[in-house]
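Form predicted on its own, single chain, as structure tokens, below.
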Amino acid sequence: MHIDILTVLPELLESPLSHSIMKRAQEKKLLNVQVHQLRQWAVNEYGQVDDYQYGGGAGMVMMCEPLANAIEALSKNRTYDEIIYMTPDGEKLSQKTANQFSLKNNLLIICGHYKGIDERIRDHFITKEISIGDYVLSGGELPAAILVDSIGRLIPGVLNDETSALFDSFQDGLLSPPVYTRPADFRGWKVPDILLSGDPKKIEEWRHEQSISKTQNKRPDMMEE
């Protein structure tokens, strides 16, 4: 999979994409992420990519010209399955959405900044608008990193058996069950006997029951869905 990211602050993406699972995914050549500085397509020698909004109001707006030129330039190298804009008023990111994106070959992610991007870019280029929650951040870089991580870990071969994405919360519409490791008895706090029984069928049944109970208690909205 190939992911391009357009941003005015590429530095914010360096650490999240250079460590842990995302690093391994790229080292295995299962995922290729390229971060592009939008100012390469600035409208003048000063690197301008934003301007005041028509009609007045606080906050600068990312301009049409740099974004359109950047998208068109990058699109000459590959055909994008989706051009994604990270925005608080987009579709809320879910495991289902991440699963869908993980099946694509080429994605382009646009990181908004300032007051957002000119609406004409959204009208004519963007195919998906994604939010990570009902709150506002300083820019789209951190949400973009979250989106890439949620997608990248689902690519076959990225995770090993011990951390298989198939057993993550939300994959089956439920929260994951409680997990335990050694020692079996810590300060008198004991691991449930069923997990020490060695009976795979009973353990799987217990885990499913715990997932249902946990979801009912912590996320009843998921049970309704």
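One rule holds for the numbers: they count along the sequence shown, beginning at 1. Predicted, not measured: the structure shown is a model, and the values here were computed from it.
Keep in mind that the form predicted together with adenine is not shown, yet the notes after this line are about it.
Student: Within 4.5 Å of adenine in the model of the complex, heavy atoms considered, which of 107, 117, 147, 86?
Tutor: Filtering the options by heavy-atom distance leaves 86.
Student: Consider the chain as shown here, without its partner, and state which of 98, 126, 71, 132 has a heavy atom within 4.5 Å of adenine in the model of the complex.
Tutor: Checking each option against adenine in the model of the complex, the one that comes within 4.5 Å is 132.
Student: Determine which one of 71-79, 117-125, 149-157, 135-143 lies within 4.5 Å of adenine in the model of the complex, judging by heavy atom distances; exactly one does.
Tutor: Careful reading of the contacts points to 135-143.
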